[in-house]
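Just the one chain here, laid out as structure tokens, in the form predicted on its own.
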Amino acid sequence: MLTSRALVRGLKSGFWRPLSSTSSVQAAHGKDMSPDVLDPSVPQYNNRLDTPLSDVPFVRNLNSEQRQLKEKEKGPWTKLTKEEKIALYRLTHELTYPEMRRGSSEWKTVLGGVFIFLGFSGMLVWWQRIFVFGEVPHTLSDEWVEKQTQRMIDMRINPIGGFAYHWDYVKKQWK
């Protein structure tokens, strides 16, 4: 019994403690977070036609070339070339309005999915008609329906406002 307690204590201190220590928690939730992880508490960049100016620029981490361009931006804009102005625009905005308004090819994927679904459904109905459902019952044949109708007329079924009401018993035809 003493050895089992010592074994459990040893496992707890040797296995569980490194997993539950403060250092591992800090490493998992510390300031060394990956740049791919988005923090929802800070404003995010988005391309939307209804909000033309985003809260944050598109490019946040500037390289040396982009920093030089930002310094040049503070001077007169007449000295900037057209390419530099476009590069400055691309630092703050990912897409222009015409690029945002341009349609996508997503409709092709949706239409393809609809056709695949309809094709699969048609194949399922065809398979059920051949292998699941049997022959049409004899009670749906024209002869049977005609005999059944004549029997209902002879029995004067629902004579006030229903089936027999529409039959002329004198002329032997429908009213």
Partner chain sequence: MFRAAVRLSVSGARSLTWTRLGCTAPLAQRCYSHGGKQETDDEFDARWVNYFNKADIDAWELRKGMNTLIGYDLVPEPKILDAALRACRRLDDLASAIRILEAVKDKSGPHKDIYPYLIQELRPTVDELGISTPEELGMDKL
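Numbering follows the first chain given and starts at 1. Here the structure is a predicted model, which means the values were calculated and not measured.
One more form of this protein should be noted, the form predicted in complex with its partner chain, which is absent from this view; the next part is about it.
- At the 4.5 Å threshold, heavy atoms of P52 reach its partner chain in the predicted complex.
- Its partner chain in the predicted complex is not approached by S104, whose heavy atoms all lie more than 4.5 angstroms from it.
- At the 4.5 Å threshold, heavy atoms of Y45 reach its partner chain in the predicted complex.
- Partner proximity in the predicted complex, defined as non-hydrogen atoms within 4.5 angstroms of its partner chain, places exactly one of 66 to 74, 120 to 128, 141 to 149, 105 to 113 at the interface: 66 to 74.
- For the stretch 69 to 107, the set of residues having any non-hydrogen atom within 4.5 angstroms of its partner chain in the predicted complex comprises E73, K74, G75, P76, W77, T78, L80, K82, K85, I86, L88, Y89, T92, H93, L95, T96, Y97, P98, E99, M100, R101, R102, in sequence order.
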